[in-house]
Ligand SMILES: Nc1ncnc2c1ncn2[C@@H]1O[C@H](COP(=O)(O)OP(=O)(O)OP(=O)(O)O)[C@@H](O)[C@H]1O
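Quick heads-up: it's one chain on its own, the form predicted on its own, in structure tokens.
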């Protein structure tokens, strides 16, 4: 991951994607790479993981070599219009046009392309006012949207064949198709539905963009049960719950081991609230 320009972190909702994205950002920043975590979830919560102020669309410096930005895809498309039209009253008319609004909201893959395009422009140093960035980590939406994000260049290229959007689409398609430049991280819990979605996501990626995920993070694992402890029927309820949850974890870890080739990291469940302390523990697990 240390050589990539773009890393997309995806998985089922609620599996800890934002915490893993924050931890990856801290790891890459610690290597000296100028790293930006790009959040596109409207709830904007990555800043809480890093004890940083909300981005509100701006690039916020979090720590040495580490930045955060919350992005509304529409702002990228609007900026493309401003760059190309360059005449204020015409730009205003285009941006206020109902046709433009319908197009930007409804064109398949366009909003996803805007996210990837913005990431590319960041690492190319083409975003006015932004610092030099070496790698962008995209905290992607839930599983299906993550696949849509990576499939977007192909969808848009089938509809838009000329102009600035077409040119950007071609550049983004080259970025996404290159395993040396773009990495994909899938986060899951070792539970039946998240694991099923992770396996389906892997198949969808291979079908849609001919890519395999570069890393699987099995997050929130209950501690292993001491040998012989699970047979002690007199244990209190909380302890029995722990044993049962770990048993379910082990079943799903075995399913992953049998069906998922490639790197996999297991991250324990930490008794910590969402925030920098939790991110630090996940960072240590990933780094080890």
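Residue numbers count along the first chain shown, from 1. A quick note: this is a predicted structure, and the numbers were derived from the prediction, not measured.
In what follows, reference is made to the form predicted together with this ligand, a form of this protein that is not presented.
- request: May I ask you to choose, among 183, 109, 141, 194, the residue with a heavy atom within 4.5 Å of this ligand in the model of the complex?
  value: The residue from 183, 109, 141, 194 that makes the contact is 141.
message: Is residue 276 near this ligand? Define near as a heavy atom within 4.5 Å, in the model of the complex.
response: Outside the cut-off, so no.
task: Find out whether any non-hydrogen atom of residue 49 is located within 4.5 angstroms of this ligand in the model of the complex, and reply yes or no.
output: It does: once this ligand is placed as it appears in the model of the complex, residue 49 has a heavy atom within 4.5 Å of it.
- prompt: Does any heavy atom of residue 259 come within 4.5 Å of a heavy atom of this ligand in the model of the complex?
  reply: Looking in the model of the complex, residue contacts with this ligand do not include residue 259, since no heavy atom lies within 4.5 Å.
message: Against this ligand in the model of the complex, would residue 19 count as a contact residue? Criterion: heavy atoms within 4.5 Å.
response: Result yes; residue 19 sits at the interface with this ligand in the model of the complex.
field: Contact segment among 64-72, 30-38, 51-59, 219-227, judged by heavy atoms lying within 4.5 Å of this ligand in the model of the complex
entry: Flagged stretch: 219-227.
query: Every residue in 86, 115 and 165 with a non-hydrogen atom within 4.5 Å of this ligand in the model of the complex?
result: The answer is no: none of the three residues contacts the partner (heavy atom, 4.5 Å cut-off).
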